[in-house]
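Below sits a lone chain in structure tokens, taken as the form predicted alone.
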Amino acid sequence: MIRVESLTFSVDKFRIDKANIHIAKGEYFVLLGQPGSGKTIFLECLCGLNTPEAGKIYINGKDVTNTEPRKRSIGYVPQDYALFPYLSVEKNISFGLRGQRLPSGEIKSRVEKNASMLGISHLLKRKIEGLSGGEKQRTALARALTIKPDVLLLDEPVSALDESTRDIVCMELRELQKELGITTMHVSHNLEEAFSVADRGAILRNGIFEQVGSPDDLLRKPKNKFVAKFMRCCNVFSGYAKGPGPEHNTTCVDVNGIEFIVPGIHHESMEFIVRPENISLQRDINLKTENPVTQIPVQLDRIINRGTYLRLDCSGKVPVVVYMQHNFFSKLGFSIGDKLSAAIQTQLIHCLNK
């Protein structure tokens, strides 16, 4: 549905260099990245607001690299929604259709259908001024969908909404996208937002796609340290392979005097990660287990309440960060200053590419 080949575009000192990506028909794809990573610039290249220096953009197999925006069959919702403040909701939604010189009856029918679908029929005669953030967001989305695009591009579509409204709108966006079967690219820097809607996603860094994959792959199988840290993995370790591990296809790796048992056969220096939710804490520092488990002596230094879970910062030869549910933490009865053992199962360790 969307295929980008070797796309290159520069503005000032920023450059997207030879970007390649493919998005399947009907896929909900989320483009993630820090502010300034090039997400909006890339989206503007897709919809024709930026002209690439090199490369190709295909939509439905058709080369649209040099096609003007209104002929690309793309519905675009920019971050600020770009609504006309002194026009009514109805006239904002119908703006693209009026530009196509469609019959007034068809324009009215499409506007009413999309307004009803998005729950804003009662707002059609209202001016944009005075609408809530959620109402503006729905109006901009209705305007994009009314032209019946093949592709929907959403640039930070819920960033202006409060958290509870954002969750609801994300759920509605996903349900609407499934119902319409429309290929969608959604730009965000919020992981919770991305996980609530995405079939697949990509992480963009300084104009370069660091990794493309399912949300679970990005979270649990990052290709490098940048992706791991962007996906909020605080436990990134560097060590030196000492030799074979106690089980088949494992390696003993020394990290500051602590021996980790990692999956795979490795030599010399290497890096690996452990998700904070995949580390368990226990009081028995010399716990005996049937299966090989890496055990790290630590001290509990800080407890941070993150609402749905607790972040536990632990110091030692190898400091670790652990995420734990409130009820489980209460049962264990840990306190700041406790000497504990951080236990890590080998299969929960992910080795990074060199």
Partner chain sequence: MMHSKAMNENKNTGHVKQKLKTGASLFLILFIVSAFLGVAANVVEWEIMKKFSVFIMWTSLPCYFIFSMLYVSSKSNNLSGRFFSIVTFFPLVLFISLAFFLIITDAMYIDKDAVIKVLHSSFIRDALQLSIVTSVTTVMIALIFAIPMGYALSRYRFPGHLFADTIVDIPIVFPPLVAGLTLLVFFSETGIGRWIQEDLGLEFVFQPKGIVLCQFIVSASFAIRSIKSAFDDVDKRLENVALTLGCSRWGSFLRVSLPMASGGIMAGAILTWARAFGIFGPLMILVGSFRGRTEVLSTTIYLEQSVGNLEVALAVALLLIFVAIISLGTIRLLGGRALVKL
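Numbering follows the first chain given and starts at 1. Given the structure is predicted, the values throughout are model-derived calculations rather than measurements.
Beyond the structure shown, there is the form predicted together with the partner chain, which is absent from this document and is the topic of what follows.
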*Using heavy atoms and a 4.5 Å cut-off, decide whether Ile304, Gly316 and Phe334 all contact the partner chain in the predicted bound form.*
no
*Answer range among 294 to 302, 26 to 34, 316 to 324, 63 to 71 for contact with the partner chain, defined in the predicted bound form as heavy atoms within 4.5 Å*: 63 to 71
*asked:* Would you classify Cys233 as touching the partner chain in the predicted bound form, given a 4.5 Å non-hydrogen atom cut-off?
replied: no
_Using a 4.5 angstroms cut-off on non-hydrogen atoms, would Pro78 count as touching the partner chain in the predicted bound form?_
yes
*With heavy atoms only and a cut-off of 4.5 Å, decide whether Phe84 touches the partner chain in the predicted bound form.*
yes
*Given that the partner is absent here, does Arg143 sit within 4.5 Å of the partner chain in the predicted bound form, heavy atoms only?*
yes
_Considering non-hydrogen atoms and a 4.5 Å limit, which listed residue (Gly119, Gly99, Gly264, Pro244) is close to the partner chain in the predicted bound form?_
Gly99
*With the partner chain left out of view, choose which of Ala160, Ile147, Ala115, Leu219 has a non-hydrogen atom within 4.5 angstroms of it in the predicted bound form.*
Ile147
